[in-house]
Structure formats: C-alpha cells, structure tokens
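To begin, one chain is listed below as structure tokens, in the form predicted on its own.
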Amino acid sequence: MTAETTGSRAPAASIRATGLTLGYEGRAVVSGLDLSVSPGEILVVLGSSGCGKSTLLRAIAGLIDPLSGTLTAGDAVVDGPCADRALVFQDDALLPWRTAQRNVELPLQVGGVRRAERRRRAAEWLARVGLSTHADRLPGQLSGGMRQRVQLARALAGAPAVICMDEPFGALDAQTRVAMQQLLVEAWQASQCTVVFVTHDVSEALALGDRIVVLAKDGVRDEVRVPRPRELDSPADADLQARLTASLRAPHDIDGLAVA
C-alpha cells in the first residue's frame, strides 16, 4: 500500500509492559505483568473471565492509568489516549445517526483531516471491507457482521500504529465470525499495524495470532508462537489447542517456553 492510498501513517509500534499492575480504585486486577509486543505483530491475549484482558487493552489505549509499573508504546510512555492507538469493542459503538461512510470518517474529522481526503480514505476502507454499496446506510440498517466491518474500517482509516481489539467478533454467528477473522488478517497485512486482540476462544486465537499469551492475575501464564502460513486442523495445531486449553484451565501457573 502506498502513501497515496493510506495518507499519513504512523509506523507500527512496539508495546512493552514492565512490572505492570492494573486495576480500579486502587484494587489490582492483574499484577506484575511483563509483556512485549513487536511492531507489526498480532498478539492474541487469552485468559479466564476477570483476569484483566480487557483492562490491559484499556491501559494500552490510554483509558486507564497503571497502579504501578511502566507501559510504553514505541518510545513513549502511555499517559493517555492517542490517535495512534485505536480500540475496537465487541459492541460496535457506531453512532446511529451517522451513515457507515460518516462513521468511518469520524476519527479523520476529529484529527482535522480535510473533507475530501477523509471521504476518499473512508471510501477506500469501506471498499476493502466489502461495504461500498452500503456506505449511505445507517448502522440500524446493517447486520451485526456489517457493523463490525464498519468499525474495523473506522479503526484502520485513522492509520493507527496499534489497534486493540476486545473480543470484537464474540457476538457474531460462526460463519460471519470466520469471515471477519479472514478480513482482519487481510486488513492487517494491508495496514502493517500492530494488533493486540483479546478473545476467550482458543480456535480464534490460533487462527489469528503470531503469538498467543495466556493471561492470569499475576502475569503471563503461558505463551506460544504460531507460524504463518497457518496449518489449521494439523497435528501441530491440535497440540497447540490442547496446550492452550490446559493452560486456561490450570488453577496455577504452568511452566512453558514459546514454541516456534
């Protein structure tokens, strides 16, 4: 993708957490977290309910401050929201009174991009997610899968260095979910951004992640690397699925080295 088609794009950023403790009103949700994400990587975060997955995404997005430890994006300490770090929720969070086109334009408008340029970039990303013919429709006129495609286009149109995704496909039916996973990988390859993706679904993690970590309240419990291209339903895939499932169910931390 050229500069002419993307507009100004921040280079993919690394993420690093060192001794990070996160929580609310002084009460820790996850403690002592050490984690790094390489520029341009898809990191998938698995974990049981309440282990701090969504809290970690909100911290990366700059929506909450650490209780202790450090969190950096690129060379800068994360100390608040930034246009270079986008957050995508399971709830599509589209503005119901704005068309699909105008929803995608929103972060560009907030960023002061001129009208003609933001219309062009929004139209480009709507085309990439297969919604050119639905650009003038309101969110209420779109299916759940279509709304998530609009949300993905909106996040990418702003050319962020990092996209944080909080179970964005969890409410979709199985067929639409697989289609959205494929679309995310295609969009990630085009945008070259860093992705931190939270899910509770091991199969989804293996379909998407370059690296998968299992998060517990006291940090990373297990970590695996998944080579590209994917070999889903292979013996190696089955072994990884069994390992991650066991790690999720384990009552205590387990030892485990990253596997290539």
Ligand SMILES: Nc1ncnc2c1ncn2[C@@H]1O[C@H](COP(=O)(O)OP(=O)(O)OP(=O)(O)O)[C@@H](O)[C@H]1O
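Model, not experiment: these values are computed from the prediction. For every residue, the number given is its place in the sequence shown, counted from 1.
The following text describes the form predicted together with this ligand, which does not appear among the structures shown.
Of the residues given (Cys51, Val220, Ile60, Ala207), Cys51 alone sits with a heavy atom within 4.5 Å of this ligand in the model of the complex. Interface residue among Val202, Val29, Leu43, Leu67 relative to this ligand in the model of the complex, by the heavy atom within 4.5 Å criterion: Val29.
Looking at 188-196, 31-39, 225-233, 51-59, the stretch with residues near this ligand in the model of the complex, meaning non-hydrogen atoms within 4.5 angstroms, turns out to be 51-59.
Taking non-hydrogen atoms only, Glu167 approaches this ligand to within 4.5 angstroms in the model of the complex. Of the heavy atoms in Gln181, none are within 4.5 Å of this ligand in the model of the complex. For Gln90, a non-hydrogen atom is located within 4.5 Å of this ligand in the model of the complex, even though that partner is not displayed.
Contacts of stretch 72-89 with this ligand in the model of the complex, defined by any heavy atom lying within 4.5 Å, are made by none of its residues.
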